[in-house]
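Look below for two forms of one protein chain, each set out as structure tokens: first structure 1, then structure 2.
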Structure 1
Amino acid sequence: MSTTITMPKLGLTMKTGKVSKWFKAQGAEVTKGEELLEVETDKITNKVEAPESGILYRILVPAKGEAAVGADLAIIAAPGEEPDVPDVAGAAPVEKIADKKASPGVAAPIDAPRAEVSASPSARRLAREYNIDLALVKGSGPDGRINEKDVVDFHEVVGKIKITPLAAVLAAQAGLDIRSLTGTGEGGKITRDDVARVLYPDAVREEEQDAASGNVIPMSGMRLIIAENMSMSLQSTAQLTLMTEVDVTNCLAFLENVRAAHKRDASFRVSMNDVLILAVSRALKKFPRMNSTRDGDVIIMHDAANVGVAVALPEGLIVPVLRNAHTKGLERIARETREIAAKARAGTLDPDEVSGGTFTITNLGHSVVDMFTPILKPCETGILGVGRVAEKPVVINGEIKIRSMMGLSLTFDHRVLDGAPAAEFLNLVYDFIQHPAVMIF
């Protein structure tokens, strides 16, 4: 009795996977439970074990080949058995594979068949409405067809699962079906750790094993997601950084005046970072291309300046988004930024509060760093890095003065706009910070 190995579905959004390597050659003997091949998606890599012992009778998708979820990858047969090789739509005819035996060990690349989900039109309509991936729904109709009731049931089950907002974000980013998760939090709630345990089981296991030695820190959970986002950003964009130093002496005086005017109101606190958000959101309205995101071959321009504010947490950086910053005054910017930063630290951000950003500000002002090269958040066009404020000698009208200076580092995607307009944008932010009163106009 032969066994067919199919492309596993490693996450909610996984449609296709790549066979990164075969650990066994075609014709080799395999033992049940032995690692047979490695599958990778754009998010994760997983090893697939042999479900049965036997001979690896035929590899249908060779290493580096892509295949749809559920597509046949290989056949394991009993010794001496000659099972039929499935002649699936889109795949090369069996005979052709057999013919290629002239060059042993090299299987012909085959277009993977598309895995079709059998579902009624009504079920499809509801799945669209609920934003449900039908591949996750089990069909109860004839021949496993998914009908409307299956989608409704699925929707109701998923809707009742208890999960923390951060875990939901991480699971969604990794394309994980949250029904497969076991919650270990309060009242069985699924937490960030539960997601990490499923996404990176090896890492978590190793983490536990290595905990004693403390020498190895596995890339897992949020760390791995940041790692992937950052390297993807650097690999897929043309980013460069413009730097300048701005005189914030007036700005500090302005902040001092604001604080003095509201000193009886303990809740009224305004920081340099809030002035920066104000300045950037106004400047973005004048340079709409800096407020764009890129999606494939198109640049999407945004009316709203949704400014992301990077917040450092022990486990890594998270960027909550202040929506419609361009419509908000300084007091409101200060208050709402404080709120989302507090939520970020408490781990209670909603998925909506970390998405939809159009520009990001990252602040190292509490350190000794003057300037740096921030990395763009994927898809965004600009990120402004803010350095410390330090007193420095500055030449003004031929005289050396001591002024408070602050470094600004603007990274932008040169694919989306060129250096001159980016410099103009930075210039405007510079002017706003240097003379905050200008922003009134």
Structure 2
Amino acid sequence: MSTTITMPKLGLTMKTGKVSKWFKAQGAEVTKGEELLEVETDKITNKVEAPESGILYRILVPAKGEAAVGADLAIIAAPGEEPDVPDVAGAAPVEKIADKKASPGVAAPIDAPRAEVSASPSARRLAREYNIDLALVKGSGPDGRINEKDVVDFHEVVGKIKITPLAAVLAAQAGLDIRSLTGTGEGGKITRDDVARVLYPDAVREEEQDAASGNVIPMSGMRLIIAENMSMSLQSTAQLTLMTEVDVTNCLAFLENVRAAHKRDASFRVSMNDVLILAVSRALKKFPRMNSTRDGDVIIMHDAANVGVAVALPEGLIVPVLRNAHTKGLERIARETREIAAKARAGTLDPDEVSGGTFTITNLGHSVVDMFTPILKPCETGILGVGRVAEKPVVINGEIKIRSMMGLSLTFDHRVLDGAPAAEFLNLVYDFIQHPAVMIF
């Protein structure tokens, strides 16, 4: 019985999704639980697993295609099953081998009209038993008629050929004799690329040259989301960045005291980033205009300080949101921040966990960067960039002392907030970090 894959609802606000890529080609075998496709929203990408084992019978929405939540994306069928394919309105046409022009000298795809194969009833029965396409068998009987011995001989030769299931399907669809193919896979196994190299040599050669040169990197998935969001942010806002350095010597001592107080709790961990979230969330409650988002000609000031924390991933950057940070103490902030960061790195965040932010913190403290100009997350009014902690000579009461200094860079939307209140907000964050005990009151 066939199974229909539908566009999943990955979050409460999700209405549509985009199929960024298929990990399996049409006609390939799939196993229940393996990653089948990647769905992209306007915030994150999520991998979707196959709900059942079988054959990926038909892809209804190809890569780069969009569909509403619940819409049919593909059909998984049992081997040999030919289910009815639903007509999905607006769906992009499914790319099949027949849609492509084969190279000169290559047999026409199986989807194209083909002459009836002449074969004896026993040859047909044996071909079905061995799952052999008779079009690939050369007949030795009168007028090329295929007999039982021809099928047996073909099976004995082909049965020794190593080929991946997907490559076998593609070769059969294109009418290719796999005995003529050279395998480049492990142990000489014929792969999908080997079949494509015969069918479309020019296209494959161009792709391989691009990949070898390293000159072409596809802009897709998370990288594309980041690019579009950053471009939209810079084009639609008036961004200004204020910078300062804060003395964190006392803050580092405070953190050491907190860790010492919890030294018997192996699960307890706290960092400078957690102090920053606490400081920012407290300051946002005193500066509601900074804790706002812009929607067209309307500025929406929020009661809750939902602080986004940028997490670097190999493929880009994602900003999970710590909701109601202003109501939480340092220990709870530390625990929940680690949890959402772990989910971000594991790729298990849903759209609701990366939406609804009112302010963002991005920390480059593990680099050699002192200060930088962070770019606003779309619709938010402010973002705080944090640089490394470095020991520097500082003049205190007329004396030069070595102190631990950290750079702060506040970017804000000048359309929503003027420079003076933005500077006051940064000054309050500065005071909270320099003297953490002040945040208790």
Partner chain sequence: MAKKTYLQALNEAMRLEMERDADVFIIGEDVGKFGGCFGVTQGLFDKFGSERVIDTPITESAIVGAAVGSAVSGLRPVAELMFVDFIGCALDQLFNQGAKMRYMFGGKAKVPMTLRMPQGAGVCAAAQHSQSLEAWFMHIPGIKVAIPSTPYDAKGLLISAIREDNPVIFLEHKMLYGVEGEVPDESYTIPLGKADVKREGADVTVVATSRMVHSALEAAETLAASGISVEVVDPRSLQPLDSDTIVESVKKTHALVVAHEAVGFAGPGAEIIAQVAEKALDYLDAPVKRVAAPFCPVPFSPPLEQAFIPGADAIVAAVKSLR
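Numbers given to residues start at 1 and step along the sequence of structure 1. The term rigid core refers to the maximal set of C-alpha atoms that superpose within 1.5 Å between the two forms. From a predicted model like this one, the values you see are computed outputs, not experimental measurements.
Enquirer: Between the two chains shown, which is the form predicted in complex with its partner chain?
Expert: Only structure 1 fits here, because that chain is the form predicted in complex with its partner chain.
Enquirer: With a threshold of 2 Å on the C-alpha, tell me if S53 counts as moved between structure 1 and structure 2 once the core is superposed.
Expert: S53: C-alpha displaced by 2 Å or more between structure 1 and structure 2.
Enquirer: After the core is matched up, is the C-alpha of H366 off by 2 Å or more between structure 1 and structure 2?
Expert: For H366, whose C-alpha is compared between structure 1 and structure 2 after core superposition, the shift is less than 2 Å.
Enquirer: Taking 2 Å as the cut-off, check whether the CA of R125 shifts that much or more between structure 1 and structure 2 after a rigid core fit.
Expert: Yes, R125 moves 2 Å or more.
Enquirer: What is the C-alpha shift for A77 between structure 1 and structure 2, rigid core superposed, to one decimal in Å?
Expert: With the rigid core fitted, the alpha carbon of A77 is displaced 40.2 Å between structure 1 and structure 2.
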